[in-house]
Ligand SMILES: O=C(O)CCC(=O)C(=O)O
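One chain comes next, on its own, written out as structure tokens in the form predicted on its own.
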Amino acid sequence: MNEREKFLFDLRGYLRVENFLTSEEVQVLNKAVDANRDKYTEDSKMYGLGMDGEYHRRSMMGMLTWEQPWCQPFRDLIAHQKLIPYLNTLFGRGWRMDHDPFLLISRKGTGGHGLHGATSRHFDGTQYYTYANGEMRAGLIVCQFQLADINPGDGGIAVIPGSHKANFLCPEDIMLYDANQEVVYNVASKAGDLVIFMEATIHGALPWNADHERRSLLYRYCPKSMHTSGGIYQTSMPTWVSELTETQQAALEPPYIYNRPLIEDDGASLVQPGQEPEPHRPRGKAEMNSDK
């Protein structure tokens, strides 16, 4: 994560990374979705007059356990080599994937998804943002991979920039998208782009207005000691995880702190349990004098 990206993420509470996925990766993911269209479900979550639509959005889950070859491109995203440095920056070394991944699908006329977010008004130990000593730290974050273009005005992913630092309660009519719509920003992006945002940032999705289908793929990550979904990998991992690489398996480890494999920035190597670097601690006078 370069200095520009750190500034923008700290300022706005979200970051768009252009061309994160190659066109080939996007094509393979979309092909897998097309082959499993019968697996989608309807979602009825629309809040506020501004979110009304003719249709409910659709979603897909369970992609990690689809038959081969359809599951493989989704498994490859669990600990994507380009994603790891972003996660190491936001969580420090040691983090985990939380929730099953899911795909959001919208056709023209699909209603929006209500705005929500923890902000900083009250401390939430699972959804938070903090900065100290030159480092950012976050609770639960969302990595949204775009499998189709989102042009300005199309709808889809929307945020209130800077709301992760908000100290006051957001008025209900803004959260319902019934007032002050100008503070809600529709994040335009291209197929292959990645949008990272925090659960602390007020976010949602606007009604879909484009002729083409919205396809947004969401993976959630959190600190190594945290678990929020109440579902997968709380104390152990399913047997199919043995089919994954060591790096991918490390990303799915249950929540714990000590003696866990840590993923290096290169995405290809791990710091194995028992080899973790010693944590920093203040040095006493005797230790400092011994250097003289």
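Given the structure is predicted, the values throughout are model-derived calculations rather than measurements. When you see a residue number, it is the position in the sequence shown, counting from 1.
Heads up, the form predicted in complex with the named molecule isn't pictured, but that's what we're talking about next.
When you look in the model of the complex, the only residue of 157, 87, 103, 138 with a non-hydrogen atom within 4.5 Å of the named molecule is 157. This chain is displayed alone, yet in the model of the complex one of 93, 121, 116, 212 has a heavy atom within 4.5 Å of the named molecule; that residue is 116.
When the named molecule is considered in the model of the complex, residue 177 lies well away from it, no heavy atom lying within 4.5 Å. Interface residue remark: residue 197 is counted as part of the site for the named molecule in the model of the complex, having a heavy atom within 4.5 Å.
Contact check for residue 205: a non-hydrogen atom falls within 4.5 Å of the named molecule in the model of the complex. The named molecule in the model of the complex is not approached by residue 110, whose heavy atoms all lie more than 4.5 angstroms from it.
Per the 4.5 Å heavy atom criterion, the named molecule in the model of the complex is contacted by stretch 141-149, the sole one of 141-149, 73-81, 186-194, 169-177.
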